[in-house]
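In the block that follows, a single chain appears as structure tokens, in the form predicted on its own.
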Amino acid sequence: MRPLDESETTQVFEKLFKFTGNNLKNIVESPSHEGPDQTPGRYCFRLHKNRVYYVSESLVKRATNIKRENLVALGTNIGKFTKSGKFHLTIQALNLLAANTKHKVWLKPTSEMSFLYGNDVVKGGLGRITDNINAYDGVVVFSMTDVPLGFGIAAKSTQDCRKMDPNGLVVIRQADTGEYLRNQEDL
């Protein structure tokens, strides 16, 4: 378990910024009330076996007593670095993204299952969409009851979505909560 280096931090923050915008500051400066300390600490990002974890500093200090090869995970796994060195967010980052996102999409109840089975979002399944979404912005997908279902990349802007046909692609899926069942071994 080690801190992220300069290039790794840049990649992680760029990916998070794509979804949260200026709310990235809330993630970085969020106080942590974990641990025995009376004063709240902070959260930090740590790398362990090509996976990036969002963890409180007090937990990191206590984890230094554990050997690296015995440490399985620590905190919330928000993403991983591929063998080519690119950073990908994982579904475990959904709660962090949902609380701080600036672009949201709500699905109709009839299209929720299709999204959870790994399909992209089409215009016919769109319930609501926030204004000012540009093409290729990061969006978090919610049910109509505000339950986060996953996240992806906007294929079209908000204005283009209003004009397109019902079978037009709105959100390209990157991760959804159905992955907990489909990819149990990899998580």
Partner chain sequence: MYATFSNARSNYMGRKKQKQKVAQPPELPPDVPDDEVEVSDEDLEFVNKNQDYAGFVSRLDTQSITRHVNRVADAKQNDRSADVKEDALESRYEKLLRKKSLATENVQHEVDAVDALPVKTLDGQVYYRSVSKGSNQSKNAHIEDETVGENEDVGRDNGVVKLTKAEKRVKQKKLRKEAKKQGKEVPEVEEVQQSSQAEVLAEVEEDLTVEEANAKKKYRLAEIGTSMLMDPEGNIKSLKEMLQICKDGDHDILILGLKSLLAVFKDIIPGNRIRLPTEKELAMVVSKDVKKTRFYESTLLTVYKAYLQKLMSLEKVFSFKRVAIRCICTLLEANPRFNFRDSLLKAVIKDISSPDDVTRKLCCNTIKSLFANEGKHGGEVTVEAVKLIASLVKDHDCHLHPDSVEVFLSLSFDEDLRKPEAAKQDTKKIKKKFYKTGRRNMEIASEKKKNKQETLSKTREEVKADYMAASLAQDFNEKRRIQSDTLSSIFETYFRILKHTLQSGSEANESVTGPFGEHPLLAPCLNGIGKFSHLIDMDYMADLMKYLRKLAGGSTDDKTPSDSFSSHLTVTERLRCCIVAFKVMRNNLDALNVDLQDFFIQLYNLILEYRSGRDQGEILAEALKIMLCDDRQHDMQRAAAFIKRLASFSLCFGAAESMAALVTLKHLLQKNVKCRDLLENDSGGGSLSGSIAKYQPYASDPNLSGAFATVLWELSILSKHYHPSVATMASGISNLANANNQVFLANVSPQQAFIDMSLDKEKFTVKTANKQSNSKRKRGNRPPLPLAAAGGADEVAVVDENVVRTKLSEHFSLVNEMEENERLRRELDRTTLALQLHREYKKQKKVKKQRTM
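Numbering follows the first chain given and starts at 1. Keep in mind it's a predicted model, so treat the numbers as computed, not measured.
There is another form of the same protein, the form predicted in complex with its partner chain; it is not shown, and what comes next is about it.
- A residue is said to contact a partner when one of its heavy atoms sits within 4.5 Å of a partner heavy atom; Asp131 meets this definition for its partner chain in the predicted bound form.
- Contact check for Cys161: a non-hydrogen atom falls within 4.5 Å of its partner chain in the predicted bound form.
- Proximity of His48 to its partner chain in the predicted bound form: non-hydrogen atoms within 4.5 Å are absent; the residue sits far from the partner.
- Although the partner is absent here, Lys123 sits close enough that one of its heavy atoms falls within 4.5 Å of its partner chain in the predicted bound form.
- In plain terms, the part of the chain that comes close to its partner chain in the predicted bound form, with a heavy atom within 4.5 Å, is 96 to 104 out of 111 to 119, 70 to 78, 83 to 91, 96 to 104.
- Across the proposed site, Thr9, Gly152 and Thr177 without exception lack any heavy atom within 4.5 Å of its partner chain in the predicted bound form.
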